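Just one chain is shown here, as C-alpha cells, and it is the form predicted alone.
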Amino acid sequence: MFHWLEKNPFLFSVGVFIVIAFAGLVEILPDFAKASRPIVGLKPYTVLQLAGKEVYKKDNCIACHSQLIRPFKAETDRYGKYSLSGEYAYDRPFLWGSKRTGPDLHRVGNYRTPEWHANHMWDPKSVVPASIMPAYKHQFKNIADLETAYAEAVTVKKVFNTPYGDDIQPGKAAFEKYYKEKALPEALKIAKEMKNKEVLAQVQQGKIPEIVALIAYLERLK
C-alpha cells in the first residue's frame, strides 16, 4: 500500500492533508468551544446597557474606537488585561472594531467616571484638549429606546438561552414593571453620578436620555 502511495504523490499529498486537517479540528475545536464560554462572574447586559449599546452603534462609535485589547505589552500597559473570548459571550454582535482614531474602550469602565463620560460627550475638548471627536449633545435630549432593548433581552433569553432572570418576560406589563423597578433605579444612579441637573430631572420624571444608557454601557466595559 505504501509503495502504491509513493507512486502517486498527488493522492499521497491529499491523504496527508486530510489527516492533518482532521487532527487539527479534533485538537482545536474543543479549545475554541471552551474559550467561548462565559468567563466566571460574567452577567448578561441589563436592558439599560443594551439600550446604550444601541446608542453606541447608532452614533457609530465603532468607527473610531475598538473593543479588543491585544496581548501585547504596549496594549496591556495602556488599556489593562488583554481581552478574552469568554468576555464576549453575551455580545450580539461583537463590537471589536479595527480603527483606533481614539483609544480602545474594552476596559474604559475601570478608569473613567460617569461624570467624565458626560463631559466628554458634551464637549470632548473640555476633558481631552487634543481630542478631534465631535460633540454628541443630542444624546442629552434624545430618549433611549428601552422598549426595543427589552424586546432584545426577551429574544436572546428565549433563542440563545441567555441567563436572564424571571424579571425578563414577554409582554407590555412585564416591560413596564421592569422599567419601573430595574431600569429607572439603574438610570437614576448614573444620572446622579453625572451631576447634570437637566439629565437628572428627566430621569426623575421617568424619562431616560440616551447619554445615561450609553454611560451604563460604557461602565459595563471592564
Partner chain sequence: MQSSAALEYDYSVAKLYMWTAVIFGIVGMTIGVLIASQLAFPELNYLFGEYGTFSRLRPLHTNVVIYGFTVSGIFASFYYAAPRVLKVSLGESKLLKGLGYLQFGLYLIAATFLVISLAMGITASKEYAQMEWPLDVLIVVIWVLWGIIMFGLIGMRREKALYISMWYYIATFLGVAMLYLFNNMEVPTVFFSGGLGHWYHSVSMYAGTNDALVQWWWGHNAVAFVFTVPIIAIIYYFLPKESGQAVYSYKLSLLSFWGLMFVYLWAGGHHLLWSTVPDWMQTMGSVFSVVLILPSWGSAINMLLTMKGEWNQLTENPLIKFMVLASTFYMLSTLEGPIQAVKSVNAIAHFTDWIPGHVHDGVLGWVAFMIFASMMHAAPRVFKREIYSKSLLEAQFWIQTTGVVLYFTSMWIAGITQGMMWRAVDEYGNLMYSFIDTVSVLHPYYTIRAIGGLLYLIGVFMFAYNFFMTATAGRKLEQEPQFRSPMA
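Numbering follows the first chain given and starts at 1. We call the rigid core whatever largest set of C-alpha positions still superposes within 1.5 Å between the two forms. Quantities reported herein were computed from a predicted structural model and do not represent experimental measurements.
There is another form of the same protein, the form predicted in complex with the partner chain; it is not shown, and what comes next is about it.
In the model of the complex, the partner chain stays beyond 4.5 Å of every heavy atom belonging to Tyr111. Asn119 falls outside the set of residues with a heavy atom inside 4.5 Å of the partner chain in the model of the complex. Taking non-hydrogen atoms only, Ala23 approaches the partner chain to within 4.5 angstroms in the model of the complex. Among residues of the shown chain, Leu184 is not one whose heavy atoms approach the partner chain to within 4.5 Å in the model of the complex. Contacts between 71 to 110 and the partner chain, taken as any heavy atom within 4.5 Å in the model of the complex, involve Pro71, Phe72, Lys73, Ala74, Asp77, Arg78, Tyr79, Ser83, Leu84, Ser85, Tyr88, Ala89, Asp91, Arg92, Pro93, Phe94, Leu95, Trp96, Gly97, Ser98, Lys99, Arg100, Thr101, Gly102, Pro103. Remark: with the core as the superposition reference, the CA shift of Gly206 between this form and the one not shown stays below 2 Å.
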